[in-house]
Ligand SMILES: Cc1ncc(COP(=O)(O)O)c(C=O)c1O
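A lone chain, given as structure tokens: the form predicted on its own.
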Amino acid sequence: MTSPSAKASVEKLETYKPNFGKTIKKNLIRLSANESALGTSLEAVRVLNEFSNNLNRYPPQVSEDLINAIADRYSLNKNNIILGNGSDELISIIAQAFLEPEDEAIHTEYGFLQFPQAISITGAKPVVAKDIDFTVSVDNILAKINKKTKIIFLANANNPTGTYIPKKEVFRLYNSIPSNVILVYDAAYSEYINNDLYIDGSELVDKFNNVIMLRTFSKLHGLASLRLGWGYCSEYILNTLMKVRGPFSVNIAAMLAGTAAIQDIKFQEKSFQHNKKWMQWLKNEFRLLRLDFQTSITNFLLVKFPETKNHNATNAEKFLADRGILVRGMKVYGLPNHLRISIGNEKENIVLIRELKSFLENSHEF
């Protein structure tokens, strides 16, 4: 008996598995997923606690309240906003809507792993543009463009490096690509950034019809468990994506909590200031521990460990996990000597540094 088979582009893929780390400890400190250090807006929690009726009803296909709240918060055109079940879903439907098997799509060397996954599922070819010093290279992206190129995926700021390219470079990239190529500009960490050199991508969308800006509620807003993302793009692209997106993509809990969260400016400012303070503190502590790291404008740091038998990144990850602290190993990116470490709350950050100090100062058996 013959078995059913998936299309070839799917058969050859590995399942995408987020790696949050493992530990047997019950008192868990999770610094492996770049989640909100301060949890969730209490206004969002209140809304969810009050929501108990009509669970038997489908959610609206589009939440006008949430879209209006996003438009008001960021001074955007509400007609250009699309909601998604996390920005992951939007990445997937962008690829599905615009890529044919004979096409190519470019992603950067240390970009979000969902980019090549989404490209490959369509049967199109993922093309890697090498980074320079852990930072996106516009020249290397442009060198990969050919007649088959349909999409360029760019995360700015980038995960897992925490680096970014400035506004000048973003415009140089855009002005150098053909008008039929879509620039997908993932600005997932933009709420953590207060830098005049940075651009979140919205002004590109307002000027040009082949740019899609992606954002998320999973980071600063602290709604990762509800899976809520959004995009900003031309009405043509939005209408095209809506043909591919599921009719009830975003659940009602996410819609309600997202609306409350984005209107809670005090929580957003508190989270921003917390991140700013403890980012500087952690950088200073890592320097004292003689650990190298990439300068980051996000809520995490990419930290390099010594290439020694005992004190390498693999052993550091295991040592921390044994003590209930989860960080993200970077072997999947070809960076076996690095760990990505999210900024936690005050107690978590202090415990992290205490345990790292113990790890580095002593010889451990593994």
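All residue numbers are counted from 1 along the displayed sequence. All figures in this text were calculated on a predicted structure; none of them were measured in a lab.
Note that the form predicted together with the ligand isn't included here; everything after this is about it.
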| query | in the model of the complex, do Asn312, Glu317 and Phe359 all reach within 4.5 Å of the ligand through at least one heavy atom apiece? | reply | no
| task | Check whether Phe112 has any heavy atom within 4.5 Å of a heavy atom of the ligand in the model of the complex, and answer yes or no. | result | yes
| request: Look up in the model of the complex whether Ser190 has a non-hydrogen atom within 4.5 angstroms of the ligand, and give yes or no. | output: no
| Is Lys219 close enough to the ligand in the model of the complex to count, meaning some heavy atom within 4.5 Å? | yes
| query | Does the ligand get within 4.5 angstroms of any non-hydrogen atom of Ser202 in the model of the complex? | reply | no
| field | Residue stretch of 231-239, 84-92, 262-270, 191-199 approaching the ligand in the model of the complex, non-hydrogen atom distance within 4.5 Å | value | 84-92
| said: Considering non-hydrogen atoms and a 4.5 Å limit, which listed residue (Gln294, Thr149, Asn159, Asn275) is close to the ligand in the model of the complex? | reply: Asn159
| Among the candidate residues Ile106, Ala257, Ala155, Val211, which is the single one with a non-hydrogen atom no more than 4.5 Å from the ligand in the model of the complex? | Ala155
